[in-house]
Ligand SMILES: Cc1cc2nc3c(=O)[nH]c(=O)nc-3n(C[C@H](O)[C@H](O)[C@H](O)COP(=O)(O)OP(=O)(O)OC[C@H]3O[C@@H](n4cnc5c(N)ncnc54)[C@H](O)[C@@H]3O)c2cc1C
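Quick heads-up: it's one chain on its own, the form predicted on its own, in structure tokens.
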């Protein structure tokens, strides 16, 4: 472009109109390896659609125009509704059409459906992350509701498993698709849900009356919420619909929407229950057990979501580095920048391998050993992947320089989005305590780890030394070591997958980078070339 004062040149164009699936060799390999090769054609189609400039613009619009709380109608009637920008609805329509909210729970779900769904989730995360919250809540709640949905709401099962997004303000049984939210935490407790004070009293018709509040009420526009409250038999889980079976509004009052650092497209609210009606799921006193069943699924999605955001940040940085000229070379060819980008790409190679091995474990959760692996590595992955996201996106910003810090770039939104997955569904310390709990109480878990890591023993000295160090710590684990143990466990799980499936040079480079605490190692030029090619969807 020519101005009166200067000519604009050497300014890379923003990344758009790329295929988010085909440009990611690590993702493509993992999908095929872990049992969802049957979905690759659809994933390529989804990746092409989501990578368009139009889809990326929807993500920008949804975050630039946050939801609004509508307490009352023009006639003064209580509404307790939320108004979203049209971009939000289009993004939600795509998520539901791609069955990211229920693919694994269909009556005839294919083997590997959990793996396919994880890939679809990561692709959508690269466009817009706020819309993943209602999808995650619904996905996690569905298997519980399939088993325990109260009789007055059995007609909801069909829209719960549909591929339709239906935002109409109507009872769930009248809709083509429904969403489920959750209300667990209160002002005084946060993650300590046993301190909840919301009360539930049983009525003659078998329903319960709830009185109390929730400090964080996810997806307030949902057709129903799963809510924790204190019943006579202890902390229990209740199904609290937006509309009652007779069509009347339930007495759930939206007090305000949270004004958050990021995740601004998504509505998070505070609510009060004024004799709201709820239906018990399971038995009284089973609330913690019920949320733990759902918590594994939501925590896995947190790790997937953070990984997707990291992948997008790397893609933006690589695209810029291939175009930008600095000191007579393309930025990608400057040795120090090439090393930085290669290390970022290699980190994501490992994350992808571990996350999709974990997706396979969830897919085969009826197997005792697979279920144990999922139970242990899900909180470890949430802790480690989500923690890594914030500095990772900051590094991508530095690749772009000043423009990466400006709102015209995607990266500020990605950066603001990053902390939420570390906090929601249990913050970092909660994840580490959960890992310690599994290591202490899960029968045979240490033997399972020993057998698993024995399969790659002797392939890399850094891996072998790190495993010996962790074994020493696990003899008498201290709570104060929780973060160190969790991180080391995650890295060993990831290293094991890299040693199994990556090329030997790449696997060994990953182990040196992530497990050799001395540092100082450099990647060979050939390995940098190979890693960066894979990060752009090409193979040398």
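Positions refer to the first chain, counted from 1. These numbers were taken from a predicted model, which means no experiment stands behind them.
From this point on, the text means the form predicted in complex with the ligand, which you will not see here.
Student: Is residue 148 close enough to the ligand in the model of the complex to count, meaning some heavy atom within 4.5 Å?
Tutor: Because no heavy atom of residue 148 falls inside 4.5 Å of the ligand in the model of the complex, the answer is no.
Student: Is there any non-hydrogen atom of residue 94 lying within 4.5 Å of the ligand in the model of the complex?
Tutor: So residue 94 does not count as contacting the ligand.
Student: Answer for residue 165 alone: is it within 4.5 Å of the ligand in the model of the complex, judged on heavy atom distances?
Tutor: Taking the distances in the model of the complex, the answer for residue 165 is no, it never comes within 4.5 Å of the ligand.
Student: Is residue 385 a contact residue for the ligand in the model of the complex, using a 4.5 Å heavy atom cut-off?
Tutor: So residue 385 does not count as contacting the ligand.
Student: Quick one: of 157, 423, 244, 390, which gets a non-hydrogen atom within 4.5 angstroms of the ligand in the model of the complex?
Tutor: Residue within 4.5 Å of the partner: 423.
Student: To verify the annotation, which of these, 190, 152, 233, 401, has a non-hydrogen atom within 4.5 Å of the ligand in the model of the complex?
Tutor: Flagged contact: 190.
Student: Only one of these stretches, 405 to 413, 138 to 146, 178 to 186, 308 to 316, has heavy atoms within 4.5 Å of the ligand in the model of the complex; which one is it?
Tutor: Single hit among the candidates: 178 to 186.
Student: Judged by heavy atom distances of 4.5 Å or less, which residues of 213 to 235 approach the ligand in the model of the complex?
Tutor: Sequence-ordered list: 216, 217, 218.
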